[in-house]
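Below you'll find only one chain, the form predicted alone, shown as C-alpha cells.
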Amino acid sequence: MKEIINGLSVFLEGNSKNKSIIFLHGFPYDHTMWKAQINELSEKYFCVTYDIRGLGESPVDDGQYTMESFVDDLEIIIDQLKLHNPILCGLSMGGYISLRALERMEEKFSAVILCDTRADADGNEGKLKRAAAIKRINTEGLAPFAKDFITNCFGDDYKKNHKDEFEKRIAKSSGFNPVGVKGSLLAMLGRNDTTEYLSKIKIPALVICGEFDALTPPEVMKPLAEKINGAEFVVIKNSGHMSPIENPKEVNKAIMKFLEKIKKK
C-alpha cells in the first residue's frame, strides 16, 4: 500500500499490528532495492519503505537537502504512522540517515541494521569527488554519472550473472530528476561525522557488509561494528556495495537471525 506522508511516497507491507521495520535505501536508488527483504519479512513484520526526497517517486522540491532534513522526513513518517520503537535498517546513504537519527533520537528505535555504510563524514577528497559528480551531472547529464557510479556499487558476480537486472537499475536511476540526485550529493557532502556516537548506541545493532564492497569494504565496516557495544558483524559473500540486492538470501538470513535474537531479549 502506498501513502503520501509529508509529500514523500511511503510504501507499507504487512500487518500494522506487527513490529515495524523502516528501510532506508541507498544513493542513487529507491525503495525497490529492498524488495527481497520485504518479501521475506512482511509476513511477520510491518515493513515501511519510502523514496528519500528527490529520488524515486518522491518530490524534488528545491533540491537543497541536508542530512538533517532527511532525518526530519524520517521522524515525520514515524510520527504520522504512529510507529512504536521501530527497527531501523539503512544502506549507504540510508545508513548515514540512520546513524544521525540515532544521534538525535535513539529513544524512538528498538534496534538498528546498518548495511554497507560508514560513520565518518567526507574528508577533503570525498567532498571534491561529490563536487565533481555534481559538475559532471551539470555538464554531461545524469545518465553517464549514474552508469559509472552504479557500476562501481555492484560486484563482478552480480554484473555478470544478473546483467538484465543490473542494466534496469542503471536505467531507473538515470531517469530520476538530476536536481534530486544533486541534492542528495550535497546532503552527503555536508553530513556530520557520527563516529563518536557509535560507542553510545544502546540498542541492539547488526552491521552487514558485502565481501567485495568497493565503497565501504569490510576493513572499514568492521571497525565501525567494533565501536558499537555488542554489535554483530556479518560479511555477505559474493556481493559488493549492494548486498541486499546481490545476495538477498544471505542478507535475509542474517537479518532474520538478528531479529529472532533480539525478540527473545
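Computed from a predicted model, the values in this text were never measured in an experiment. Numbers follow the displayed sequence, beginning with 1.
As for the form predicted in complex with ligand MLT, it is not shown, yet the points below apply to it.
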Practice task
Please check if G26 has a heavy atom lying within 4.5 Å of any heavy atom of ligand MLT in the predicted bound form.
Solution key: yes
Practice task
Although ligand MLT is absent from this view, report whether C89 comes within 4.5 Å of it in the predicted bound form, heavy atoms only.
Solution key: no
Problem - 4.5 Å heavy atom contact, F154 and ligand MLT in the predicted bound form - result: no
Exercise for the section: Determine whether any heavy atom of R104 comes within 4.5 Å of a heavy atom of ligand MLT in the predicted bound form, and answer yes or no. Expected result: no
Problem - Listed residue that, although ligand MLT is not shown, lies within 4.5 Å of it in the predicted bound form (heavy atoms), from L215, I203, A231, V235 - result: L215
Exercise for the section: Sort through V112, M93, I78, A146 and report the residue having a heavy atom within 4.5 Å of ligand MLT in the predicted bound form. Expected result: M93
Problem - Joint contact, R130, M188 and H241 to ligand MLT in the predicted bound form, by non-hydrogen atom at 4.5 Å - result: yes
Exercise for the section: Counting only non-hydrogen atoms, choose the one of 79-87, 169-177, 93-101, 155-163 that falls within 4.5 Å of ligand MLT in the predicted bound form. Expected result: 93-101
